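For reference, the chain that follows is the form predicted alone, supplied as structure tokens.
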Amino acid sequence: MKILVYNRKNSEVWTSAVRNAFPDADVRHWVEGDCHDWLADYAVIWQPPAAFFQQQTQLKAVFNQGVGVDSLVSLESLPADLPVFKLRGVGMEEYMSDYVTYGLLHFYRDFDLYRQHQSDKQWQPHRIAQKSDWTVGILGLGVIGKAVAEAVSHLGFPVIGWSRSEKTVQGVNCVSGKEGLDHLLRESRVLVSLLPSTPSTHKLLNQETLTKLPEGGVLINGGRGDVIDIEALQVLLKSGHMRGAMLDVFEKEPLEDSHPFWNNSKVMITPHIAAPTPVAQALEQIVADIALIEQGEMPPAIDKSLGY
């Protein structure tokens, strides 16, 4: 078995992990311009250039090193009939649940206000609100979104979850479609976006949709940066319609030094760390999936037309 690995930033980590997971396989790291006569059976990759698929023409399947596959499906060189598999949780659910919980409690317990009070040397306790008044709306109910919705619900907050198609999550009011999205926006004190980057989600959270949030609403984004119209968010934060935001992802990363969000006390910025890929757990899933393929079975692949 031949396996090709590509990760521009963490090549040694991933190549070593794949070799350990497949000790009997011929595992190599792909470098553009090399391996012209070496065609792999499988690829374990993250954001490869178009030349990767132009060269590797005999792949049985591709395994993405993360959940987001937008950089893959946007490549014209990706063969239409080549199965692509994304990671299905593998521990990222817990990371993202922790991240969202932190952001939720930060605003619910008024820590954003207390931080400002500290800067002003002001001693001013605030009454703790009822959790029932802090409905949390979660956009995206995949493996990670479902786990986040359940975690938030277990904390005692009302949760509304929205997805493209109808889903059922215990303890969560699940909605779908345009009417469901409108309902979620109008009822949510805190909006959590865990949506993938697709043509249908691009700038979904814009001036029109974000204005539907109740005044004083909060946004937490751990999904994809291009889901949010960042200029519209900036306007709504300045007007006071939105109280604050916790943003882990941006359409262009890293966020440029000159962006006003760096100095905006209403915004918390994190460098795309909400739910990093646990490499060991990821390889366990990839090993199991390749074993199924070798046995003539097919694990659940992404739908390229949907982008996830």
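Position 1 is the first residue in the sequence shown; the rest follow in order. Computed from a predicted model, the values in this text were never measured in an experiment.
Below, we refer to the form predicted in complex with a further copy of the same chain, which is not included among the displayed structures.
Engineer: Which one, 239, 263, 58, 54, lies within 4.5 Å of a further copy of the same chain in the model of the complex by heavy atoms?
Structural biologist: Answer to the contact question: 263.
Engineer: With a further copy of the same chain left out of view, which of 246, 67, 27, 43 would have a heavy atom within 4.5 Å of it in the model of the complex?
Structural biologist: Spelling it out, the residue with a heavy atom inside the cut-off is 246.
Engineer: Report whether all of 101, 126 and 269 sit within 4.5 Å of a further copy of the same chain in the model of the complex, measuring from non-hydrogen atoms.
Structural biologist: Contact check passed for all of 101, 126 and 269.
Engineer: Heavy atoms, 4.5 Å, a further copy of the same chain in the model of the complex: which of 90-98, 162-170, 184-192, 73-81 makes the cut? Say which one.
Structural biologist: Answer to the contact question: 90-98.
Engineer: Does the 4.5 Å heavy atom contact test between residue 235 and a further copy of the same chain in the model of the complex come out positive?
Structural biologist: It does not: once a further copy of the same chain is placed as it appears in the model of the complex, residue 235 has no heavy atom within 4.5 Å of it.
Engineer: Give a yes/no on whether residue 155 approaches a further copy of the same chain to within 4.5 Å in the model of the complex, heavy atoms considered.
Structural biologist: It does: once a further copy of the same chain is placed as it appears in the model of the complex, residue 155 has a heavy atom within 4.5 Å of it.
Engineer: Please tell me whether any heavy atom belonging to residue 250 falls inside 4.5 Å of a heavy atom of a further copy of the same chain, as the geometry stands in the model of the complex.
Structural biologist: Looking in the model of the complex, residue contacts with a further copy of the same chain include residue 250, since a heavy atom lies within 4.5 Å.
Engineer: Though only this chain appears here, would residue 202 touch a further copy of the same chain in the model of the complex if you measure heavy atom gaps against 4.5 Å?
Structural biologist: No, no contact at 4.5 Å.
Engineer: Note that a further copy of the same chain is not shown here; using its position in the model of the complex, name the residues of 115-149 with a heavy atom within 4.5 Å of it, in sequence order.
Structural biologist: Contacting residues: 115, 117, 118, 121, 122, 123, 124, 125, 126, 128, 131.
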